[in-house]
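Just the one chain here, the form predicted on its own, laid out as C-alpha cells.
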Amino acid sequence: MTAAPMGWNSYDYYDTTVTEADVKRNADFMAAHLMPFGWKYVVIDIEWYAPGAGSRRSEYQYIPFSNLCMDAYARLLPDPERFPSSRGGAGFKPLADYIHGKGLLFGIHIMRGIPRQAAHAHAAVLGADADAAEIADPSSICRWNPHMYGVKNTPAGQKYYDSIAALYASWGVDFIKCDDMSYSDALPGKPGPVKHEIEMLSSALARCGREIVLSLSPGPALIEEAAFYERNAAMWRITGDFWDEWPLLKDMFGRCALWQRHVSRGSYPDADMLPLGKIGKGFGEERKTRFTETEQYTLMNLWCIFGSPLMLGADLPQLDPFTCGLLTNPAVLAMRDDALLPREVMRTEEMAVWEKRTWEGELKYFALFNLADEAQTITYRPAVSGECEAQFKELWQGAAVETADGAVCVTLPAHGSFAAEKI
C-alpha cells in the first residue's frame, strides 16, 4: 500500500521555539512507538534560522527586522544556539543524519522567496550574475511574515532556487514545506498560488539529486488550480491553519468533498495537521486538545478515508495511551490506500457518508458521520444492489457489522462517526 506522507511537525506544540534537543526527543519517540505504523517524517517548522525566535511572543509571532542566520549566498542557516550541531557550516546535516539513523525521514519548513536582509546587503547568489537585490521583488511581500521578498521570474532567480535546493539536498532533507506559496496575499488582485516561484522551486528540487517531497502552504488552495498543484507538488493545503475546534472540523467535510477527485498516488490535497495530544506551548497555552474523544475518532476517520497526509503537531513524548491508540490502528490507517478512490456519497448539515472503492467500482470502505449536536441514527444503503450482503468489520474495535434489508443502521453520538471495511 502507498499513501500520503505521515509524520510529525513541530508547529502545533512549539510554534517558533523548537530546539535540536526537542526534535531529537520527538524523533526518538516516533522511532520507538509510531514508525512501525507508517509514521516517518520529522519536520522542523518555521523560524529555525531566527535567533531569539519566540522571545517576544506577546508582541510578535515573527520578530520584524531580526538578523537571520545566513550564508554568503543568501541561504538561510539554522540558528546555532537552538541547533548546536549546525555550527561550523554543518547546517542541518548532523541532525538529519541522526534522524536517518533512526530509520526516519527529515524535513524543514521554508518561506517563499529570498531574505530581505540579503537583498539589502546585496548578497551574492550562487552561480548567478546578479545579486540578491537584483532578483528580489520588493512588491511581493508576505502579509504575515516579515522576513522575505519574493523572487523575480528570471534566470538568476531560478539560480537562487537551485542553490537552496542543492543546499538542502546536501544536508539530507527529505521533505520541504514551503509557505506563502499555494495561497498568497502578495499577488495583485485575487490571492492564489505564486505560480512562477512554485515552478522554480519544483524544478530546482527535481534537479537537486535527492528525492524531496514538496508540500505547499498555506491554504485554502484554489480548486481551479488543481492541475497546477498536481504538476508541481506532492501535497498542498486545502485549508487555513486547522486547530482543535469543532466548527473547523465540520467545515472540513465540505473541503474534502471539493478536492476528493484530486486524491491519487503522489497527489495529496492536505487537510492540515492533526491538533491532537498536548499542543500550544509555544503559543503560551500548553493544553490537551480541545477535541473530545468522539471528535478525535471523527477527525481520524475523515482524514483517512479522504486520504489526506497525516502530520501530528503534539509533543510526542507526552502522548497518552488514548492518543497513541488513535494513531496506531492499522485497520484505520489502511483506509488511506491511494490505490482506492474516496467519494462523498451524501452530506447535509447533520450527516455525511463517505465510501472508498477500487477503480473498478468495488466497495472497500465506508464511513458514517454525525455532524449534528445530538445523537442520531444514520442508515447507509450502498448504491450497488447486494453490496450490503457482504461481510463488513468495524475498524476501531474490529466487531462484525450487522446488516438488515440491504442496509447498515448505526446510532452515533453528537459529532460521532463509524468506519468499516469489507472483509
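All residue numbers are counted from 1 along the displayed sequence. Values in this document were obtained by computation on a predicted structure and should not be read as measured data.
Below, we turn to the form predicted in complex with another copy of the chain, even though it does not appear here.
Residues with any non-hydrogen atom within 4.5 angstroms of another copy of the chain in the predicted bound form fall in just one of 138 to 146, 316 to 324, 200 to 208, 298 to 306: 138 to 146. Taking a 4.5 Å heavy atom cutoff to another copy of the chain in the predicted bound form, the contact residue among Q260, T328, T154, S170 is Q260. Of the candidates E245, D71, E81, D185, D185 is the one whose heavy atoms come within 4.5 Å of another copy of the chain in the predicted bound form; the others do not.
Another copy of the chain in the predicted bound form comes within 4.5 Å of a heavy atom belonging to R56. In the predicted bound form, another copy of the chain sits within 4.5 Å of a heavy atom of E230. The shortest heavy atom separation between H100 and another copy of the chain in the predicted bound form exceeds 4.5 Å. Contact annotation: G398 falls outside 4.5 Å of another copy of the chain in the predicted bound form, judged by heavy atom distances. Contacts of stretch 61 to 87 with another copy of the chain in the predicted bound form, defined by any heavy atom lying within 4.5 Å, are made by P64, F65, listed in sequence order.
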